[in-house]
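We begin with a single chain expressed as structure tokens, specifically the form predicted on its own.
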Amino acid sequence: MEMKILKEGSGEIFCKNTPSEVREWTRKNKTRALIDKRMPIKEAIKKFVHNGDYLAIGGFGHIRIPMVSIYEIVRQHIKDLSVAGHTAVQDIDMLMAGGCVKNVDIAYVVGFELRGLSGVQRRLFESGEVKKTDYTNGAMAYRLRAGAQGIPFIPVKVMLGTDTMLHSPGKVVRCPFTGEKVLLLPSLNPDVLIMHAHRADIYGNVQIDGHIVKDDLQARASKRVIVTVEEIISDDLIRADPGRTIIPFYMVDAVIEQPWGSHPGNMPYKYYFDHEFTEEYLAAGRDKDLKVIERWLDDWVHSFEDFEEYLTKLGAKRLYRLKDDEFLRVKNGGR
């Protein structure tokens, strides 16, 4: 039975990489040798993130997001990025505020969960300054699964019969085996993944505590992988508990040890959300005077040489209060 296209969406495909091209690139450019991949975040971003790249971001919402990498991308003025916007909140918002983003594959964006809507994203999407193609969270995850498996598309049932499908590049066909309708989605193979994890060794064997979300798929689908971690531990400790290693070393290009690297996000079992910080950022982004968000970026991104200066400005008392909040510890007299 021939697969006839019954309906197709109008959405643009922003990531032009194909699985075959990425696999061939990987064979030529990545090694399976156990080499020390530690480097400063500034060097990693400069080496592996380029103008016009398609960027994937690890974590979920405000949880385990790689903010240290986000700040450095903004600081280096990297431009024209296309971004996978599935469950993307403060990470993608900061990139858009910094003028780094050209296109977004939308699944969950704009909403800062209970905190309301982003002024930055809403303004840039509504003005057309940043282009968008619609998907759902499930659809984006399926695209990554196809990319990780090395297949050019994947048949799914999500989005069938919805207007979301009409604004995606999906194609509705009849299954050649059963005759039922399925939606074909293009695979997703990002140029680079930035992610934050709990620990890794110097070679790039990465362990995550708690939900891994889709980071395993993103690492397998992406050309290049930059991992920041709360701590770098010995290879012996990694090998002692190999079942916890979510991403193996040969997929990783750079490892950076950066405690508090997800701030103001929540790092499970480490520190809680910094609500006050995020509320102040949101207020700046919602102000109709664009100089307000520009001043915020100057104060919290461009004025710093590195992330350590950012942490110094936050102060130890504030940071360790977030650690207490994560473990529901209450100081004498409460907060």
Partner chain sequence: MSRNYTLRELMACVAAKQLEDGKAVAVGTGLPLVATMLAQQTHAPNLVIIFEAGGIAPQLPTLPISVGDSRTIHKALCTTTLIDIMDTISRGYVDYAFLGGAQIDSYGNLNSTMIGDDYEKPKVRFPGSGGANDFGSLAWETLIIMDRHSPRRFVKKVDFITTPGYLYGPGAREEEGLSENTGPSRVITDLCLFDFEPESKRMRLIACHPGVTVEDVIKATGFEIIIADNVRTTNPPTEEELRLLHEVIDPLGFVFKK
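Since this is a predicted model, take the numbers as computed values, not measurements. Positions refer to the first chain, counted from 1.
In what follows, reference is made to the form predicted in complex with its partner chain, a form of this protein that is not presented.
Check: Taking its partner chain in the model of the complex as the reference, which of Ala197, Ala97, Leu217, Ile256 has a non-hydrogen atom within 4.5 Å?
Finding: Residue within 4.5 Å of the partner: Leu217.
With a 4.5 Å heavy atom cut-off, would you call Gln76 a contact of its partner chain in the model of the complex? No.
Its partner chain contact at Thr133 in the model of the complex, heavy atom, 4.5 Å:
Output for Thr133 is yes: heavy atoms within 4.5 Å of its partner chain.
Interface membership of Arg318, its partner chain in the model of the complex, 4.5 Å heavy atom rule: No - in the model of the complex, heavy atoms of Arg318 and its partner chain never come within 4.5 Å of each other.
Quiz item: Does Asn103 make contact with its partner chain in the model of the complex, using a 4.5 Å heavy atom cut-off?
Solution: Looking in the model of the complex, residue contacts with its partner chain do not include Asn103, since no heavy atom lies within 4.5 Å.
| Who in 186-209 is close to its partner chain in the model of the complex, meaning a heavy atom within 4.5 Å? | Counting only heavy atoms within 4.5 Å of its partner chain in the model of the complex, the contacting residues of 186-209 are Asn189, Asp201, Asn205.
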